[in-house]
Ligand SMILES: Cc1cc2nc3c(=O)[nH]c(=O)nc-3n(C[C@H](O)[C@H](O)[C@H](O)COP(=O)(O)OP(=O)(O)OC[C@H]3O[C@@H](n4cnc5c(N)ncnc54)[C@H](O)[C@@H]3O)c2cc1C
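Just the one chain here, the form predicted on its own, laid out as structure tokens.
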Amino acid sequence: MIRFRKLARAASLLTTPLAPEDILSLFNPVYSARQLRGVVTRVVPETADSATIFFRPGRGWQAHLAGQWARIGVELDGVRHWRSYSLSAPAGQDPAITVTDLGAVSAALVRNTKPGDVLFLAPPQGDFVLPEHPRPLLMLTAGSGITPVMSMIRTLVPHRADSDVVLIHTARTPADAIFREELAELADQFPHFRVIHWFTGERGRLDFSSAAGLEQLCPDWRQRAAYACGPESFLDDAEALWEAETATAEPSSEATLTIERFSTKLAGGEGHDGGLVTFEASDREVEADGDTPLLDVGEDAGVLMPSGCRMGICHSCLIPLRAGQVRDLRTDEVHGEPGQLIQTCVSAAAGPVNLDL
């Protein structure tokens, strides 16, 4: 170990002002002293509008738990954009993200990514993970909300003979159902795994207004730990059903619901909102309206903005407010003091704003 440290110090003297890792990155793009990276190893189309991107992360990556997500950085037109994506690979294997073509960054990933491309990475995080102790499970997913649940299924079903999992997945048509063939194969192989596809184009929206519809699909749903991921309206309906159930349930009821949300509801702007946003360190000024998050304003102006979940949960986008006031797009509250840390993903300009970026 001592000899290795001496060699490292000697190498750093030879490569100054660059670190040895920076020299290595010229030969292997995964090596970097400043930014965690991953190299794309495989791209697998899932549907006409989605693809799974496998990548090999560099040193510093923390092995993910099934159900977690990670921030992925992509450079478009010379600007690095960060988005959060659920990891769809099973725990213990090299990571993968399954992306649906929604938005400029996701579209670029789905349409343009190829093996050998480099992704910028942040460590995996999130609490939407499997329970600590074995329990019968009910997975409720819609659209791309199946992505983190697929990581759970791939981790649990083939490797635990005592697992008991029911998946109810809704999609518009069979062609839109991500992982449909793989799920069917798993259900054929493992009798303790049951898959129910609900195609809204044929049967309409899955009804959570009462327990009756769910009981037809999964009669013992109250005895299962439930996980739900999908669009806001889908999750709101599921949450309302579980709240109604727990309000009248026996104290011994085991019905629980864990939710993963991909977005948050933002309030509309008022006429007096908006103003000139000055990014002081970047020497840029942009006129912004009162509806657009400052995170989007900065990214559109080419400013390198820190970001994470983009829904006001992870606080990765916190930056100091130098001057002005902002409006919280979730509550409509206007606030701001010099030096206050603000969440740019859920804050809009409420008059002129100066940011320390």
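Everything numeric here is computed off the predicted structure, so don't read it as measured data. Numbering starts at 1 and follows the sequence shown.
Although it is not shown, the form predicted together with the ligand is what the next lines describe.
- Message: Is T170 part of the interface with the ligand in the predicted bound form - any heavy atom within 4.5 Å?
- Response: So T170 does not count as contacting the ligand.
- Query: Does at least one non-hydrogen atom of Y227 fall within 4.5 angstroms of the ligand in the predicted bound form?
  - Reply: Although the ligand is absent here, Y227 would stay clear of it in the predicted bound form, with no heavy atoms inside 4.5 Å.
- According to a 4.5 angstroms non-hydrogen atom cut-off, is S151 in contact with the ligand in the predicted bound form? Heavy-atom contact with the ligand at 4.5 Å: absent for S151.
- Message: Since only the chain is shown here, I'm wondering whether Y85 would be in contact with the ligand in the predicted bound form (any heavy atom pair within 4.5 Å).
- Response: Yes, Y85 is a contact residue.
- Task: Answer yes or no: in the predicted bound form, does the ligand come within 4.5 Å of a heavy atom in every one of T52, W61 and A89?
- Result: Negative, none of the three is within 4.5 Å.
- Tell me which of 182-190, 216-224, 197-205, 140-148 has residues with heavy atoms within 4.5 angstroms of the ligand in the predicted bound form? That would be stretch 140-148.
- Could you check which residue among V39, I319, M311, L304 gets a heavy atom within 4.5 Å of the ligand in the predicted bound form? Spelling it out, the residue with a heavy atom inside the cut-off is M311.
- Query: Which residue, T155, S106, S163, T278, has a heavy atom that falls within 4.5 Å of the ligand in the predicted bound form?
  - Reply: Contact check passes for S106.
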